[in-house]
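Below, in structure tokens: the form predicted alone, a single chain.
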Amino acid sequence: MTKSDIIIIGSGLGGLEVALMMAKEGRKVLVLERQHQAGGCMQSYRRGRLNFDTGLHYVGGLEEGGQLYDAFESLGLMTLPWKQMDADCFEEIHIGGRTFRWPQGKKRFINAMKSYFPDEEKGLDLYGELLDCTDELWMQKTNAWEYLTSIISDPLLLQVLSAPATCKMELRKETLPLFTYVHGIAPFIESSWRLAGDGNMLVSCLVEQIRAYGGEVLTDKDVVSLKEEDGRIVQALCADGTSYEADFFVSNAHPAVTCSLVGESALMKKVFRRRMGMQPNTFGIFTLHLQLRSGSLPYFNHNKLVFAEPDCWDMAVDKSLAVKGIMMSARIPEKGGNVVNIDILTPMLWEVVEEYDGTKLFHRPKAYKEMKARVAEQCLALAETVIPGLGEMILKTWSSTPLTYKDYNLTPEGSAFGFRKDFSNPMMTIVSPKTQIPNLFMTGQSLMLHGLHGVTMTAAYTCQEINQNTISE
């Protein structure tokens, strides 16, 4: 194979977006993916006749003029069949014995919250201003929990304003920056959308365009090391013995994994490696996938969030295996108006599955399977408090844990969102795409923000740094 301009290691959303952005600029790009299928957490897996998503459930800010619209339009992703969620209720929150419905649109949302909490008008006006805040440096250095409690007096309202974030970021009182919180909430209040299909549609759309612009995406190419000569990376070496040359390299892997690929380096200092390797990671996600009996449940075009206690902060499942809250997302039916499959998600700490690390997928020990069954049972019990009889509607179930994520994506500790962001450590709130090796860059949600919105912003940031480097050379 001829030498490429840019090699991208990993075909998660960030890697594919960088590849397409660079290919559209005329660069010869090559994406190397270790798995048999491209897409990372954006892809879907098939069980019988059904596809289940691993990471794509809904997207915020896709209305014209929204925070994500222009980026998705330029990437050709607005041609996909996006369907807007219910305008009057895209999030249905069950917490503290009450039900709260989030409408789309900032003004409508704030007015709805005022109707639930009329004594919090002043605080909610400040919250509305926060959603439009552009002082990002201030938000990066501000603790989200402390700021929210400074403007909101009612403890239940504080939880209602935080509930939808439970599966978008790590709601940790001690560390979460306001910057991460706002960017993870605001686009969805603007507008929220589901894809009428599975995540593979998004992946295929990007891969097809990369190839149309002369690039290539190769699967079953597990990059195990990067060869350095004269202070630059010159080759990516794969487990199957093949190697590929390029002028620039972009890693879509976790930063700690990226550093491990380099090996001994004259430029990549030990302090940089240590910082990338020792940075705490966010929790993982336990997901329960349900296949329902045909015609048993009408489709609901919103998410349902259910909490056992009126507190959604620091609620990840620990070794006690207590499930404190769940998010339910239903796939848009291909035919008719009834739900076929539902995903139930809850945060889970790595400590729950750590003892099973090193066991093989599909050959886990009995204790691991029993643990999953206990957590799944609790998730289903919470779900049935808002969908009575759900258990009777189920045909089959599948589940995954942070260990599943780790084994598939090599993400340390099966982290759902990469590096834990900490307001007291601004240097790690936004991590530069640049490494100490001038032609090696990074991308992905560990760098800046989580989710599709954050990863897309970071991909553009990575491309900008590559172009700056090209100009300076």
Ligand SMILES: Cc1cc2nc3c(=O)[nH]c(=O)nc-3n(C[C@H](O)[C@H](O)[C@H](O)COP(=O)(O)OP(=O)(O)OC[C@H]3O[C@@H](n4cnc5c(N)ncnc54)[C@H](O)[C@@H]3O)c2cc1C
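The first residue of the sequence shown is number 1, and the count goes up from there. As the structure is a computational prediction, the values presented were derived from the model and not from experiment.
One more form of this protein, predicted together with this ligand, exists but is not displayed; see below.
- Contact with this ligand in the model of the complex, judged as any non-hydrogen atom within 4.5 angstroms, is confined among 408 to 416, 44 to 52, 22 to 30, 433 to 441 to 408 to 416.
- With the partner omitted here, the residue from 93, 345, 330, 317 that has a non-hydrogen atom within 4.5 angstroms of this ligand in the model of the complex is 345.
- Residue contact with this ligand in the model of the complex: residue 11 places a heavy atom within 4.5 Å of it.
- This ligand is not shown here, but in the model of the complex it comes within 4.5 Å of a heavy atom of residue 35.
- This ligand in the model of the complex comes within 4.5 Å of no heavy atom belonging to residue 302.
- A residue is said to contact a partner when one of its heavy atoms sits within 4.5 Å of a partner heavy atom; residue 125 fails this definition for this ligand in the model of the complex, lying far away.
- Annotation for 69 to 97: no interface residues with this ligand in the model of the complex [heavy atom within 4.5 Å].
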